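Quick setup: the structure tokens below cover two forms of a single protein chain, split into structure 1 and structure 2.
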Structure 1
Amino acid sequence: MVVGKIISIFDISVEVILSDESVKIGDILALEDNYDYSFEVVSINNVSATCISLGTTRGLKKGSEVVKLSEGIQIEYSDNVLGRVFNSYGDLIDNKEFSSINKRTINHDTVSLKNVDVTADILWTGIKVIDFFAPLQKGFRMGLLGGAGVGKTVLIKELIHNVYSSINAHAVFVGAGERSREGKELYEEMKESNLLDKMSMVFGQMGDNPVSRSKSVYSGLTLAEYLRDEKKQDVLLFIDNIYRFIQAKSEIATELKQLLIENGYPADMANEISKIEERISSTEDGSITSFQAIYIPADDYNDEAVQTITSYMDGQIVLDRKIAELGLYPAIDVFKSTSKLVDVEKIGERHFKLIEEVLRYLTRYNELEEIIAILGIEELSEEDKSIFYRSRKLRYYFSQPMFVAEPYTNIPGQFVKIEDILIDVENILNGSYDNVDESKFLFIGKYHE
């Protein structure tokens, strides 16, 4: 049934004069004869509705009549989702047959305070820097922050490899505003290693319009909720990249002529983020552990969007360009990377003390680097010299060959147990390895026999 007529058209927004009162915010409208042109209603007054276009608006004609297609974007809500690839609007894109059992709209309530579950076991990732500086437990929201090209995506992939493949969990991968090439690579890798059967993927990549990029997150969340609420599973949710969600929202807000805050972000950013993050919680049915890559625009760590997102994180791993420049991967800034688990009562005194000691060494190391640049290394006191050399070993030791980087680096990946990390770090600090050349610590797993 025709519900209105298009009277104005822009890049991603259109305005529709309504002839039917039943149209609500969130409804999906489309051209009667061509569903490729479809729109979501975002605001409404008594004569017209403003809509955002799910696809392109090119070729769309003024005066075209629209019909109501559905009550909102829907995605499959059944076991059929496992091993499948969707686009942001819930359509399958893996060219395989599909018969739908049950669909559900992608907007859903957050988990109430009553139902949020916060107790769980520690989850080891086998990645030295993460397990040592920012260990996590099931149900955590972990942020992986980094500027452009410092290794966020590789780290996310390594986490998929280590965590998803090793524990018997279900997983959802959301590609939001990232590279299509990487999406395809991930799909192929999962298929090749027979890991696809417990994973679902949703892609709204960077070549797609902002509406698609922002909806991919909601669609992915709905799949994760299915696995948690209906299948009662512990779920891993990987989002690469949650910053792109806000970025897409800014583009839409600009197009809708809303007033923006600094750097062009939408004024309701905190609200939008909260609606996403509060859905990613554990309940007594199951847990959702999420790893969310967070892009840092212009290397500005204090960016408003980045800070808003990180306030929802239980832990964060910050990647640093200066360390990447030295070729030390994963290029983690140990001073900014931490988690809520770093607490004497939770990880034990030994681990906690070691973190403190390592940070003390590395802080001094940074000061010493400046002194050396002026005076040379020979002018240092004996104590400073040993701090200097041991810190360099620590820095090298925390680099790690990654499984997913093996084709690039030619070095086989390593999974390191926390016990081994603690022993190695202890030995470096107490001087047992003072006679070992520092280059021996570069790109290894554990050092001690």
Structure 2
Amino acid sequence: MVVGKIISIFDISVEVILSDESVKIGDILALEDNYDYSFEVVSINNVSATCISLGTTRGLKKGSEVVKLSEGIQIEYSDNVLGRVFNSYGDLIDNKEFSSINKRTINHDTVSLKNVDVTADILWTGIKVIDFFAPLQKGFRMGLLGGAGVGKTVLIKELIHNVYSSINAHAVFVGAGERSREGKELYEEMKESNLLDKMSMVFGQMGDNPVSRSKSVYSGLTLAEYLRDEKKQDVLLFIDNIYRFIQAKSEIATELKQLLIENGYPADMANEISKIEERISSTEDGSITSFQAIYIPADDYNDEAVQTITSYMDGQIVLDRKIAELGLYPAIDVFKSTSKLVDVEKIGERHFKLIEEVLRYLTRYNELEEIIAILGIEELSEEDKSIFYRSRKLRYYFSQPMFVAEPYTNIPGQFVKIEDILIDVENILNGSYDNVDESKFLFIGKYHE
């Protein structure tokens, strides 16, 4: 049934004069004779509706009649989502046959406060450097910072592999405003690693319009909520890149002539971020634990968008190019990587004090490197020599062979339990391994028998 007629078109913004009072914000409208032209209603003013186009507006004409398709963008909400690749609007883009069982709108309320579980278990990943320095709790939101070529994709694949192996958790990957080529590479790598059937993927690619780039996050969240609420599983959610979501929202706000704040961000930026982050939580049935890549514009950590996003994070994992250049993987900067779980009440006094001691050693090691470069190692005191050599062993120890990298390294992957990590770190710090060559600690799992 015809519900209105287009009266103006401006890039992605379309104005429709309504002939049906049932149309409301969030509804999807389309041309009566061509559903390829579709729009989401974002505001209603008396007899007209302002819409944003879900695709191109090229070829669209004033006076065209529109019909109502659905009450919001919908995506598959069934077991069929695993192993599949969707676009932001819930359509499959993997060229495989598909029979829909059930669909659900991507916009809905967050979990009720009474159903949120804040006492969820610790989520051990089997990756030494993460479990020791930045342990996760189910339902945590972790920022993942790092540029291209530092091992971000390998780390994501390893997390999916290890968490699925240990607690049978599936994963959802959301590509928001990233390159199409990178999305295709990730798809092929997951396929080769036999991880594709353990995850779902949603892509709103860089070349898409800003509406697609922003909706990809909501679609991915809906898939994750299905696995948590209906399958009662613990889910890993990867968003790459959450900053691009804000950029897309800024472009939409500009098109709609809405009020912008400093640096061109939308005035309701904090509200938009909260809608995303509050849907990422634990319940009694399951949990959604997220890793969100955050682009830092001009390396400015004080940028308003970065500050707003990180305020919702429970921790961050920072990948560093200098560490990658040393050949130490995963190339995680232990000084910048943090977690709210690093608390004596949560991880225990033993683990907490070991973190403090290791960071003290590594801080002193960085100072000693400069002294050695000038004066030579013989000028160090015996205590500083011990700190220097033990710190090198610690740096090597926190490298690790990855399961998903086995085809390239020919080194079997290792899943290391936290108790084994604590024992090895204690032994390195107390001098038990002083006579062991430091090369023995490079790319191993646990060291002690």
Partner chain sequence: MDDIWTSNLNETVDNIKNNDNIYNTGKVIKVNDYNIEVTGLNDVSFYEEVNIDDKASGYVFGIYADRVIVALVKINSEIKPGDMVYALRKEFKCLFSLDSIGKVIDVFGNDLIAGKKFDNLVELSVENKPLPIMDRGLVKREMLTGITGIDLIYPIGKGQRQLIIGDKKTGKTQICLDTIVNQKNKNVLCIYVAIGKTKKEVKDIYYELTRRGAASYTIIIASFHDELPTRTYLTPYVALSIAESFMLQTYDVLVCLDDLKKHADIYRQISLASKKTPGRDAYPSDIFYAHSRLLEKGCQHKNGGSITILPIVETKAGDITDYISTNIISICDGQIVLSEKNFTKGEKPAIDYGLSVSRLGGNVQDDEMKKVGSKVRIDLLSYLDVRQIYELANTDEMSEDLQKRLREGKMMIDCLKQYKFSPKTKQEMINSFNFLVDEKK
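Basically, rigid core = biggest C-alpha set you can superpose within 1.5 Å across the two forms. Because the structure is a prediction, the values reported are computed rather than measured. Throughout, residue numbering runs from 1 along the sequence of structure 1.
Between structures 1 and 2, only structure 1 derives from the form predicted together with the partner chain. Once the cores line up, the CA of S399 ends up 2 angstroms or more apart between the two structures.
The rigid-core alignment places the CA of F203 less than 2 Å apart between the two structures. When the rigid core is held fixed, the Cα atom of I17 travels less than 2 angstroms between the two structures. With both forms fitted on their core, the C-alpha atom of K322 sits 7.8 Å from where it sits in the other form; this compares the forms between the two structures.
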